[in-house]
Ligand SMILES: C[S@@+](CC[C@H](N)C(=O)[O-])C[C@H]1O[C@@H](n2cnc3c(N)ncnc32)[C@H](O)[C@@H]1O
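Starting off, we have a lone chain in the form predicted alone, written out as C-alpha coordinates.
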Amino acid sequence: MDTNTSHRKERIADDWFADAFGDLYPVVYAHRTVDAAAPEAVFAAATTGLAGGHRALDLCCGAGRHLVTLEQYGALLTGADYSPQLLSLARKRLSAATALIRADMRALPLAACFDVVFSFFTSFGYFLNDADNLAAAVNMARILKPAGRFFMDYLNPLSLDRRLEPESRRESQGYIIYERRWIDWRAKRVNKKITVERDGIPLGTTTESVRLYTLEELTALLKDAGLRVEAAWGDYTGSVYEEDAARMILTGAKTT
(Lines give C-alpha, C1' and ligand atoms only; values in the text may rest on other atoms or scores of the structure.)
Protein backbone atom coordinates (compact mmCIF):
# COMPACT_ATOMS: atom_id res chain seq x y z
CA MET A 1 0.00 0.00 0.00
CA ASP A 2 1.24 3.48 -0.86
CA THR A 3 0.79 5.17 2.51
CA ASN A 4 1.94 8.50 1.09
CA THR A 5 -0.63 8.87 -1.72
CA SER A 6 -3.70 6.91 -0.62
CA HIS A 7 -5.05 9.86 1.38
CA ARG A 8 -3.32 12.70 -0.45
CA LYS A 9 -6.48 14.83 -0.46
CA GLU A 10 -7.01 14.49 3.29
CA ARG A 11 -6.25 17.73 5.10
CA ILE A 12 -5.10 17.89 8.70
CA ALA A 13 -5.98 21.15 10.43
CA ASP A 14 -3.13 23.04 12.09
CA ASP A 15 -5.05 22.91 15.39
CA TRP A 16 -6.34 19.33 15.10
CA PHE A 17 -5.50 18.79 18.78
CA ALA A 18 -8.10 21.36 19.83
CA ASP A 19 -10.89 18.88 19.01
CA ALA A 20 -9.14 15.49 19.16
CA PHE A 21 -9.13 15.23 22.96
CA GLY A 22 -12.76 16.02 23.66
CA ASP A 23 -15.70 13.87 24.73
CA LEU A 24 -15.05 11.15 22.13
CA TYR A 25 -11.44 10.57 23.17
CA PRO A 26 -12.28 8.42 26.25
CA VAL A 27 -14.54 6.34 24.00
CA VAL A 28 -11.87 5.75 21.35
CA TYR A 29 -9.18 4.98 23.94
CA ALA A 30 -11.28 3.19 26.55
CA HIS A 31 -8.75 0.34 26.46
CA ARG A 32 -6.01 2.69 27.69
CA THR A 33 -6.71 2.18 31.39
CA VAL A 34 -5.07 3.03 34.71
CA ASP A 35 -4.06 -0.62 35.07
CA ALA A 36 -2.45 -0.64 31.62
CA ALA A 37 -0.56 2.56 32.46
CA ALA A 38 0.72 1.31 35.82
CA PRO A 39 3.79 -0.64 34.60
CA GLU A 40 4.64 2.24 32.25
CA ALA A 41 4.58 4.71 35.14
CA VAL A 42 6.71 2.36 37.28
CA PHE A 43 9.30 2.07 34.50
CA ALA A 44 9.33 5.85 33.99
CA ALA A 45 9.75 6.49 37.72
CA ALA A 46 12.62 4.01 37.94
CA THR A 47 14.51 5.38 34.94
CA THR A 48 14.25 8.98 36.15
CA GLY A 49 14.90 8.24 39.83
CA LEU A 50 11.59 9.73 40.96
CA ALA A 51 11.47 9.87 44.75
CA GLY A 52 9.48 11.36 47.60
CA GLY A 53 9.75 15.13 47.78
CA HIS A 54 10.59 15.54 44.09
CA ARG A 55 8.49 17.86 42.01
CA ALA A 56 7.31 16.14 38.82
CA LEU A 57 5.18 17.18 35.86
CA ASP A 58 3.15 14.85 33.64
CA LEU A 59 3.01 16.90 30.45
CA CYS A 60 -0.12 16.15 28.39
CA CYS A 61 -1.43 14.09 31.29
CA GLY A 62 -4.82 13.48 29.70
CA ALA A 63 -7.20 11.76 32.09
CA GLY A 64 -4.38 11.17 34.58
CA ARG A 65 -3.99 7.41 34.18
CA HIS A 66 -0.19 7.51 34.71
CA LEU A 67 -0.47 10.00 37.56
CA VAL A 68 -2.55 7.52 39.56
CA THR A 69 0.50 5.25 39.89
CA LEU A 70 3.00 8.11 40.20
CA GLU A 71 1.12 9.33 43.27
CA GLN A 72 2.42 6.28 45.12
CA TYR A 73 5.99 7.67 45.06
CA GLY A 74 5.33 10.59 47.37
CA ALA A 75 6.40 13.20 44.83
CA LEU A 76 4.75 16.60 44.47
CA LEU A 77 2.86 16.07 41.22
CA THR A 78 1.40 18.36 38.60
CA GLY A 79 -0.52 17.33 35.49
CA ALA A 80 -0.83 19.67 32.52
CA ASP A 81 -3.10 19.19 29.52
CA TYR A 82 -4.86 21.29 26.88
CA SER A 83 -8.15 19.38 27.11
CA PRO A 84 -10.64 20.56 29.78
CA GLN A 85 -12.65 17.37 29.28
CA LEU A 86 -9.71 15.09 30.06
CA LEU A 87 -8.59 17.26 32.97
CA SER A 88 -12.08 16.91 34.43
CA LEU A 89 -11.78 13.12 34.26
CA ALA A 90 -8.31 13.29 35.81
CA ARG A 91 -9.59 15.36 38.73
CA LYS A 92 -12.09 12.64 39.60
CA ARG A 93 -9.46 9.90 39.88
CA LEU A 94 -6.54 11.77 41.47
CA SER A 95 -5.90 12.96 45.00
CA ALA A 96 -6.38 16.62 45.85
CA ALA A 97 -2.61 16.88 46.40
CA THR A 98 -1.97 16.46 42.66
CA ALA A 99 -2.27 19.80 40.92
CA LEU A 100 -3.88 20.00 37.49
CA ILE A 101 -3.60 22.89 35.06
CA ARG A 102 -4.82 23.59 31.54
CA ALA A 103 -1.92 24.69 29.39
CA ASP A 104 -0.44 24.69 25.90
CA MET A 105 2.86 22.77 25.97
CA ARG A 106 4.49 25.53 23.90
CA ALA A 107 3.93 28.10 26.65
CA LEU A 108 3.74 26.43 30.05
CA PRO A 109 2.82 28.84 32.88
CA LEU A 110 5.25 27.14 35.23
CA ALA A 111 8.53 28.08 36.89
CA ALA A 112 11.80 26.15 36.73
CA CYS A 113 10.98 24.10 39.81
CA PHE A 114 10.62 20.50 38.58
CA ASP A 115 12.98 17.61 39.18
CA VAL A 116 11.32 15.42 36.53
CA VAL A 117 9.06 15.93 33.52
CA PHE A 118 7.23 13.00 31.92
CA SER A 119 5.82 12.79 28.38
CA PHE A 120 3.81 9.57 27.91
CA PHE A 121 1.93 7.99 25.00
CA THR A 122 3.41 9.95 22.08
CA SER A 123 2.49 13.36 23.44
CA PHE A 124 5.11 15.13 21.33
CA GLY A 125 5.33 16.19 17.68
CA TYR A 126 1.73 17.39 17.50
CA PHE A 127 2.40 20.66 15.71
CA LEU A 128 2.60 20.97 11.93
CA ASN A 129 5.22 23.70 12.30
CA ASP A 130 8.56 22.27 13.43
CA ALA A 131 9.34 25.50 15.29
CA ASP A 132 6.33 24.83 17.52
CA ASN A 133 7.57 21.33 18.36
CA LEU A 134 10.93 22.84 19.27
CA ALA A 135 9.11 25.39 21.45
CA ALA A 136 7.42 22.52 23.31
CA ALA A 137 10.81 20.91 23.96
CA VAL A 138 12.26 24.24 25.06
CA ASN A 139 9.44 24.56 27.60
CA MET A 140 10.14 21.05 28.89
CA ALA A 141 13.73 22.08 29.51
CA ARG A 142 12.85 25.50 30.92
CA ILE A 143 10.64 24.20 33.73
CA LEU A 144 13.27 21.73 34.94
CA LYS A 145 15.76 22.52 37.68
CA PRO A 146 19.45 22.32 36.72
CA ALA A 147 20.23 18.66 35.92
CA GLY A 148 16.52 17.82 36.10
CA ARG A 149 15.44 14.59 34.41
CA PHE A 150 13.04 13.96 31.51
CA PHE A 151 11.20 10.90 30.20
CA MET A 152 9.69 10.75 26.70
CA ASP A 153 7.64 7.84 25.33
CA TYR A 154 7.47 8.32 21.56
CA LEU A 155 6.65 6.15 18.56
CA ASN A 156 9.33 4.39 16.51
CA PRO A 157 9.14 5.74 12.93
CA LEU A 158 11.44 2.99 11.63
CA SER A 159 8.95 0.24 12.41
CA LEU A 160 5.75 2.25 12.06
CA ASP A 161 5.22 1.62 8.34
CA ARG A 162 5.34 -2.15 8.85
CA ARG A 163 3.03 -2.05 11.88
CA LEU A 164 0.51 0.47 10.59
CA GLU A 165 -3.00 -0.88 10.04
CA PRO A 166 -4.51 1.31 7.28
CA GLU A 167 -8.13 0.76 8.29
CA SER A 168 -9.95 -0.79 11.22
CA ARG A 169 -13.42 -1.16 12.66
CA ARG A 170 -14.07 -2.12 16.26
CA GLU A 171 -16.79 -2.07 18.89
CA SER A 172 -16.34 -0.63 22.38
CA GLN A 173 -19.01 -0.13 25.03
CA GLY A 174 -21.76 -0.01 22.41
CA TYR A 175 -19.86 2.37 20.11
CA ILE A 176 -18.57 1.57 16.61
CA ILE A 177 -15.15 3.11 15.96
CA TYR A 178 -13.74 3.44 12.46
CA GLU A 179 -10.09 4.43 12.10
CA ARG A 180 -8.05 5.22 8.98
CA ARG A 181 -4.29 5.67 9.23
CA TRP A 182 -1.72 6.86 6.73
CA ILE A 183 1.80 8.20 6.56
CA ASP A 184 2.63 11.39 4.71
CA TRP A 185 6.33 10.91 4.03
CA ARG A 186 6.67 14.32 2.43
CA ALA A 187 5.47 16.05 5.60
CA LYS A 188 7.06 13.34 7.80
CA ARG A 189 3.83 12.75 9.68
CA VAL A 190 1.58 9.85 10.62
CA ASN A 191 -2.10 10.72 10.52
CA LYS A 192 -5.33 9.14 11.72
CA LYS A 193 -8.99 9.91 11.04
CA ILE A 194 -11.47 8.55 13.58
CA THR A 195 -15.26 8.31 13.21
CA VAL A 196 -17.48 7.20 16.08
CA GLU A 197 -21.11 6.12 15.80
CA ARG A 198 -23.72 4.49 18.02
CA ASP A 199 -26.92 2.78 16.95
CA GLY A 200 -26.15 3.81 13.38
CA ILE A 201 -25.91 7.49 14.30
CA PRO A 202 -22.58 9.29 13.62
CA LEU A 203 -21.39 11.04 16.79
CA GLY A 204 -18.36 12.82 15.38
CA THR A 205 -15.08 12.66 13.51
CA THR A 206 -11.66 13.68 14.76
CA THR A 207 -8.14 13.59 13.38
CA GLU A 208 -4.71 13.03 14.89
CA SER A 209 -1.29 13.84 13.45
CA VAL A 210 2.22 13.31 14.81
CA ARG A 211 5.58 14.36 13.38
CA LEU A 212 7.91 11.46 12.57
CA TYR A 213 11.35 12.04 14.10
CA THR A 214 14.13 9.52 13.84
CA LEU A 215 16.23 8.94 16.94
CA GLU A 216 18.96 11.16 15.50
CA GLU A 217 16.52 13.94 14.62
CA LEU A 218 14.78 13.88 17.98
CA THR A 219 18.06 13.75 19.87
CA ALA A 220 19.25 16.81 17.92
CA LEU A 221 15.99 18.69 18.55
CA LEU A 222 16.12 17.97 22.28
CA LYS A 223 19.76 19.05 22.38
CA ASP A 224 18.81 22.37 20.77
CA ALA A 225 16.15 22.73 23.49
CA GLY A 226 18.65 22.10 26.29
CA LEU A 227 17.97 18.42 26.93
CA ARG A 228 20.57 15.64 26.67
CA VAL A 229 19.41 12.13 25.68
CA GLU A 230 21.25 9.56 27.78
CA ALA A 231 19.38 6.32 27.04
CA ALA A 232 16.93 4.92 24.50
CA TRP A 233 14.68 1.87 24.98
CA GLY A 234 12.43 0.03 22.55
CA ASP A 235 9.68 -0.86 25.01
CA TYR A 236 8.63 -0.72 28.65
CA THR A 237 10.54 -3.89 29.54
CA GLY A 238 13.83 -2.05 29.01
CA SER A 239 14.75 -3.65 25.68
CA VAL A 240 17.38 -1.77 23.71
CA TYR A 241 15.99 0.57 21.05
CA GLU A 242 16.48 -0.79 17.53
CA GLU A 243 14.86 -0.62 14.11
CA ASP A 244 12.14 -3.17 14.89
CA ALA A 245 11.32 -1.80 18.34
CA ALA A 246 7.69 -0.98 19.13
CA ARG A 247 8.53 2.35 20.80
CA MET A 248 11.26 4.96 21.14
CA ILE A 249 11.55 5.72 24.87
CA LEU A 250 14.11 8.36 25.81
CA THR A 251 15.48 9.56 29.12
CA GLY A 252 18.06 12.17 29.92
CA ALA A 253 18.76 15.45 31.69
CA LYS A 254 18.66 19.20 31.34
CA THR A 255 21.95 20.61 30.10
CA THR A 256 21.48 24.34 30.60
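Position 1 is the first residue in the sequence shown; the rest follow in order. Everything numeric here is computed off the predicted structure, so don't read it as measured data.
The protein also exists as the form predicted together with the named molecule; that form is not presented, and the subsequent description refers to it.
**Q** Would you say all of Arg142, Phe150 and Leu221 touch the named molecule in the predicted bound form, counting a heavy atom within 4.5 Å as a touch?
**A** Checking in the predicted bound form: none of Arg142, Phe150 and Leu221 is within 4.5 Å of the named molecule.
**Q** My question is simply whether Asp104 lines the interface with the named molecule in the predicted bound form - judged by any non-hydrogen atom within 4.5 Å.
**A** Although the named molecule is absent here, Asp104 would touch it in the predicted bound form, with heavy atoms inside 4.5 Å.
**Q** Using heavy atoms and a 4.5 Å limit, would one call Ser83 a contact residue for the named molecule in the predicted bound form?
**A** Within the cut-off, so yes.
**Q** Can you work out whether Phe120 and the named molecule are in contact in the predicted bound form, taking contact to mean some heavy atom pair no more than 4.5 Å apart?
**A** Contact check for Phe120: yes, within 4.5 Å of the named molecule in the predicted bound form.
**Q** Even though the partner isn't displayed, in the predicted bound form is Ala44 close enough to the named molecule, meaning a heavy atom within 4.5 Å?
**A** Contact check for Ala44: no, nothing within 4.5 Å of the named molecule in the predicted bound form.
**Q** Heavy atom within 4.5 Å of the named molecule in the predicted bound form: which of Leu57, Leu50, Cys60, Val190 fits that? Just give me the one.
**A** Result of the distance check: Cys60.
**Q** Which is the contacting stretch out of 69-77, 126-134, 182-190, 161-169, given heavy atoms within 4.5 Å of the named molecule in the predicted bound form?
**A** It is 126-134 that comes within 4.5 Å of the partner.
**Q** Quick one: which residues from 11-31 get a non-hydrogen atom within 4.5 Å of the named molecule in the predicted bound form?
**A** In sequence order, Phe17, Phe21, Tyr25 come within 4.5 Å of the partner.
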